[in-house]
Every structure is written in C-alpha cells, then in structure tokens.
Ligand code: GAL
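Shown next as structure tokens: one chain only, the form predicted on its own.
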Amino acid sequence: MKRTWKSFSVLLVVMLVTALMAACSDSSGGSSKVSVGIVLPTKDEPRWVQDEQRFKDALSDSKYTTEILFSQGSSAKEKENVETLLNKGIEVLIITPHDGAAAASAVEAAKKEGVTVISYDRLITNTDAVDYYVTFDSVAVGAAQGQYLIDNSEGKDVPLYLYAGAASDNNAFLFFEGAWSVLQPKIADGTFKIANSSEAEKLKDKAELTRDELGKILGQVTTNWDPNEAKNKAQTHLTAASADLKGDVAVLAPNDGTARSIADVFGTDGDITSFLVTGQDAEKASIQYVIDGNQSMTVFKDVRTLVKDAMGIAVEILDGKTPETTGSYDNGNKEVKAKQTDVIVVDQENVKKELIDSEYYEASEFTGL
C-alpha cells in the first residue's frame, strides 16, 4: 500500500511539473502571438517604408503586438504573407493590396479563420470578406489635382497631358474619376485640349464616365505607379506631339514618384515653355521639387492620421468594441464601411506651414525654404 501511494505521489509530482512547464510554455508562446498582421505592397516606394515605422510606433505602448510583411508587387507573395500571419494567430488583418481584385482570395482565407479584415488605403474588390476600409477620400484627391490645373492655367486650348496610376489599383480609378469630374467641363469648353489620349478625346463631352470608359482611358495613360514607365510614356508623348501641343502645358500626374519623372522629361524639352504638374503623397523628394519649382503641387495625405485611424479600428475590434465609420465604398460585392481622412493641397505658398510647422518633416531636410 505504501509503495502504491509513493508511486502515485511521484506520478502526481511529474504531472504537476509537466503542467507547470506547459503553462510556462503557453505564457511565452502567448507573448509571441501576433494580434495585428499588416501586409504592405512594396518596400520600393518611400511611402510604404514610412508607413511601416508609423504602424510600429502606433502600437508601441499597447498590449497588442503586430508583424509587418511586404508583398513586393506580387499578389502570390501577398497571399503567402497573409497565410504566414494567419499561422501566427492574428485577430485583425490590415492589408494594402497590390491588386485589389487578386487580393480577394487572400482575405477570404482570413475571414474563414474569423479574422477581421481592414483594407488600408486601397480597396480590395469583388469580395464580401472586407470588414472596413481606411482611406483618404481618393475622389477628392483627383479633384484637387484637377482643380489646381484649372486655377493655375491661363488662356484657351492649353495642352493637357493625362497620366494615371495602375489599372489594377481601384484608387487609380477613383483619382482619375475625381480629376475628370472637374477637368471635363474645362475640356468641353475649350480651356484644355487633350494631348495624349484618343480615348479621353472621344469622351470629352461626357461628364460622368462608366468604369469601362475610365478603364479605356487608363489603358492608354497608365504609369503602373512606376516612375520609369511614366518617364518613357512622357518621352513618347512629347516626341509625337505637334507644335500646338507644346508651349505652356498642364500635366495630370497621379503621384509624386511619377510626377518627378514626368517633370524631368517636360523640363528638358526645349519646346515646352512652362508646365504645371500635379502629384500626391508629399514625398520628401517631391517637396524639394515643389520648393525648387520643378513640381507644381502635391496632395498631402497625412499618413500619421491614416495609420492612427487604421490602428484605432484594430484596437477597438481587439477590445470587443464596434468602430465608428464615416462612409462606405462599393467594392463590387458589398458596401464596405469606411473611415475617411481629409487631404491638403501643398504648393510653394503653404509648404512650410503644412509640412514643416506641422512637424511632418524637419526644415533641415530641405534647401531653399
């Protein structure tokens, strides 16, 4: 009887030690579990590298953890990244899709695991597996770009060169839609004449374009968000342009990276007397271009606010709360609840106020201020 009790006692101690070790293991494993998974499209654009640090900072004082992965312009890598994060037990996925439609399968896998999906800055389309969309008002961005060209152009028959982002990015359509909404009346009344798109020329009398019509124009003037592609297109267009399509011109460039490339091309053409060129993102290099007069404007989207909004929604979800939204967007399958952030036009007149005084950048990072 004593031997049996002693054996039982030893077994009980072993079981307790095993349970204690398992608890310790669970505790340490719990600390490595990721609360919020973030997938960004590429490390090759300054914007997304800056976002990486801002996301890290946003959760630095939180009990929640995050891991950030980059897709490097590949939808296959993007899906692989989502699977990696799902294996780490994420509860919220924040994702900026490389291709809005192709990302659907990746987020559908996340939804099957009960993960809340936040589409960040670019909308994932044609799926019901998106819960929230955190965005700048993309139509307003394009409208601001178009209005700047209107406000700063003089005379009639001003040659208008149109460029757009990637046709795989839903935002590119929204930016162009916004720009067209304000430029079209001025194209129709002869203030501007389209210089580089036969599809846009065909539709110049139409105020509202269908998705298919927008797609046809984008097919001709897309830069794919690639500065080199923008440079090559601009060179091709200027080589083909007749004398009446040069002189003082206006250029709708979709973002800062493409704007600088296009500005470099237009700036070296001896038959271009002056040019206005738009941009967006307030990239450091483009702010210097604005100061130097090589880029006319940029649309400042304060990413600090966008990151804060995205992380705010994520934390509210993790805390079991219902996030507040300010609107919705049709992604082709559902109306996705959205949190929108305002945008600001920046040019030489207000660059110091908006970007230096607001501590977005430091004055020491620029010359000529």
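Owing to the predicted nature of the structure, the values given are computational and were not obtained by experimental measurement. Just count from 1 along the sequence shown to find any residue number.
Unshown form predicted in complex with this ligand; subsequent notes refer to it.
Residue contact with this ligand in the predicted bound form: Asp269 places no heavy atom within 4.5 Å of it. In the predicted bound form, at least one heavy atom of Asn171 sits within 4.5 Å of a heavy atom of this ligand.
Proximity of Tyr132 to this ligand in the predicted bound form falls outside the 4.5 Å heavy atom cutoff. By the criterion of a heavy atom within 4.5 Å, Arg304 is excluded from the residues contacting this ligand in the predicted bound form. Not one of Asp151, Thr278 and Phe300 is positioned with any heavy atom within 4.5 Å of this ligand in the predicted bound form.
Look at 77 to 85, 207 to 215, 280 to 288, 186 to 194: in the predicted bound form, residues with non-hydrogen atoms within 4.5 angstroms of this ligand sit in 280 to 288. Residues of 39 to 53 lying near this ligand in the predicted bound form, listed in sequence order, are Glu45, Arg47, Trp48, the criterion being any heavy atom within 4.5 Å.
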